Structures are given as C-alpha cells and as structure tokens.
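Consider the single chain below, provided in structure tokens and representing the form predicted alone.
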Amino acid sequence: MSNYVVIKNRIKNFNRVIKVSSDKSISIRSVLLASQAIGTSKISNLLESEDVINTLKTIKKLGINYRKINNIYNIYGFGLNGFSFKKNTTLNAGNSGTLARLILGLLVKSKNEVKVIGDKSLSKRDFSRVIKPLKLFGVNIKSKKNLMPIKLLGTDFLRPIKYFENIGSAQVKSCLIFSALNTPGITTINSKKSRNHTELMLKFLKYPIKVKRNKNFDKISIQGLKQFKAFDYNVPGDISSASFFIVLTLLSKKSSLTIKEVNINPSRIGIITILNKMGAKIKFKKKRFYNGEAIADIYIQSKNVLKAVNCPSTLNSSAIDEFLIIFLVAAKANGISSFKDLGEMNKKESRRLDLGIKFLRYIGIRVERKKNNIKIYGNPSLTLSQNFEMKNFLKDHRIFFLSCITALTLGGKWRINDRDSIKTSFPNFLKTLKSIGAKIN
C-alpha cells in the first residue's frame, strides 16, 4: 500500500458525532504507573498507537508482563522498582519523547546498565533537560552531546532534590516525579505550568504528592518509597487529536460536529481558549470528572468570519502541540495574529515552528518572524486551486494532519506523503475523516 494520500475535493457540509483517539499522554503514563503498582492493573480504551505500543514493549523488556483481554490491557506489576532485566538491555522509545524521558525516571534504582535509543527524529532531540537533574539524584548517566543513545546505571544511594523546572515541560516534570518515587525523603519541584496528568494520576492512586499552585509555577512535593496498589483506568479522548476536527469544522461551511468524551484538562485546552478569542464558540457539554481529569463532549459549529488574535504567551504550554493547526486558523482570520516565545515548538518531533512557517508561506500566507515570535497576516478569502505536494515537510504526524485539514477546507489538489506517520498518535485519523464525508484516495 502506498505511503501517501491524495485529496482533490473540499469536504462538504456535515453534522456528525464522532470519537477521536484516546489520550496519548495519559495512555503512556497509565502503562508506566501500572508497571510500578502492586498487582494487576486494568486499562481500557488504551491508545494503540506506535508510541504506546513501544511503551508496552519497554515494560515487557523490563520484566513486566501484560495481556490484552476483551480490549482491556492487564498489566502485572510488582511495585516500585519491580523491574527485572538482563545486563546490556536496550530499550527503543521509537518516536516518543514522553516514553524516553519518563522511563529514565523509573530506572534510577536499576542495578544493571540500560541503554535507551530512539528513531532518527528522537535522536536529534535534546535530553540535557532530564540528564542534568537525574545526575543530581545520584544516577550515573552517559550521553554524547546530550543526545541518544543514553546509558543509565541506577544507584541504591539516591538523594532527594530540590529542582527549578523553568521550561514548562511536562516530560521533564514527570521524569523527576517518577525519579522521586524510588528516592527516600521528599523531592521538591518548582515547575513552570504544564500538563499535569502525572500529578492527577498519582493523587487518584492516593500517593503522597502535594501540589501548591501559584500564578506561573506549581510547587510539587513527593514522598518517596511509598508503594501503591494496582488500579483500573479508562483513558479519555485526546484533545490534541480532537483539535484537527475542531478546526476542520470551524473552517468548513454550514457544518457542526460533536466530539464525544474528550479530556478537557485545563492544562491542555489552550487551543479552545485561543480559538474562542478568535470568535469561535466552542462549547463543552456533559462535563464530568473522572479520577481527577475533566471530560466533556466538545461541540463546534462553522464560523464564517474569524478574527486575528494577539496570543498571550501564558497559553503556550497548554497549546504547544496544537499551534500548527492554530496557525491555519490565523491564516484564514481577519487581521494580523501574533504569537510569542514559541521556541519549544522546535523541540518536538520536528522543528515545528520552522516547518509551520514554511507551510504557511507555501500556501501563500505572509509570515513575519523575529526569533521565536511570529506574525501571521490572515486572508479570510483564502482559497487554493493549484497542486501541492507535501514531501520534505513531513515525518511528523501533526504536519500530516495539518496538511489534510488544509486540503479539505481550503481546496487545491494535494498529494500528502508519509501517511504512516499517523500511527504515532492517531491510527484511525483517515478513517474518522472519511466517516464525516471526506474524500481521500
């Protein structure tokens, strides 16, 4: 089967109800925490994407077995530091920065050296942000130029740390929290605001973790060496996956969409805040709480005219994975949209800020850039009719998604390569698009 899609027609008006893929961040964390629990944890609605499958393969290599029974993953844990693995074990995180950074945190007490590797994209990403604090815990960790491969040897003499995490990276914060689980005493992290799934899951598990919230930072205290029992967890829908269908609906004509049972954790819904500032009227229906996480159905209607936004940088961390698709809305908005301090976008699966700007220019939008700040000159009457080929932009699932939504809402004839990238986070992306009427070859 060819590794590209062809889109020649805009999507026609629709009024549908859909579900999107399960939350990737929560799927990975639930598997890793189940590997540290005592007993059999049961996780339903687990995202079966490459990143999550690699997480399951990783815990299996570390001696934690699992079985899928009636679409529920049973994970058999032995408690904190319950891993058992051979010398010279190599773990492959694939494309997942979340898995790579979080698993390092769970290996801080390992008696055998373990090597963590990743694919070509992940191997270019900076790991200094976790290597530095892991060394403060007392872990022996080696890496050339802070890149993969990373070799780690744990220690029985871990020491709690006080750390100032000023990037706003949930991966870094979670790595340190996981390290603290196996460390005696109280570890304290002053962390810039970022998604807080790890803290919420540990509170759900009644683990002794305390969070004091300030305006820009959270002070997190974790008591180490406290065992916790196995658990059941039903993973909600992913707001990042939903974001592409939200924008598809906004930019289509006379359409509406309900996306069922999506995680609307306040640390993840920056895109909703930004789009509503631009004139969208996105609503949450049937809102409820599940094990600390907010879940709702998201209702969206088409919007004929959207306005530009001066996006506050305080929303960056809660929309960092969605800025590519937000840029597309800014391209169709009336006025000049401005975004600031987006350097973290270039630390993702690809240099997303660079590629996002390149993409906008490719479709005829004027973009001005000063370092990590950009201005997008919107064109509300923007339509496309020429041929486009997405070739050198890709190897990143979110750029593939962006290209499909652009083709379906703005027109043109598109050949979009690297279809297999969707397996990273949303294997049913194309199937879901077709279910609401998209014609994709």
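This one's a predicted model, so the numbers in the text were calculated from it and none came from an experiment. Residue positions are given as counts along the sequence shown, with the first one as 1.
Keep in mind that the form predicted together with a small molecule is missing from the display, and what follows is about it.
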Since exactly one of N92, S350, S255, Q171 fits, which has a heavy atom within 4.5 Å of the small molecule in the predicted bound form?
Q171
Using heavy atoms only and a 4.5 Å cut-off, determine which of S110, T273, N182, T98 is in contact with the small molecule in the predicted bound form.
T98
Does any heavy atom of K307 come within 4.5 Å of a heavy atom of the small molecule in the predicted bound form?
no
Is there a heavy atom of S25 no more than 4.5 Å from a heavy atom of the small molecule in the predicted bound form?
yes
Please determine whether R129 contacts the small molecule in the predicted bound form, using a 4.5 Å cut-off between heavy atoms.
yes
Contact test in the predicted bound form: I320 vs the small molecule, heavy atoms, 4.5 Å:
yes
Stretch in contact, per heavy atom within 4.5 angstroms of the small molecule in the predicted bound form, of 290-298, 358-366, 320-328, 83-91
320-328
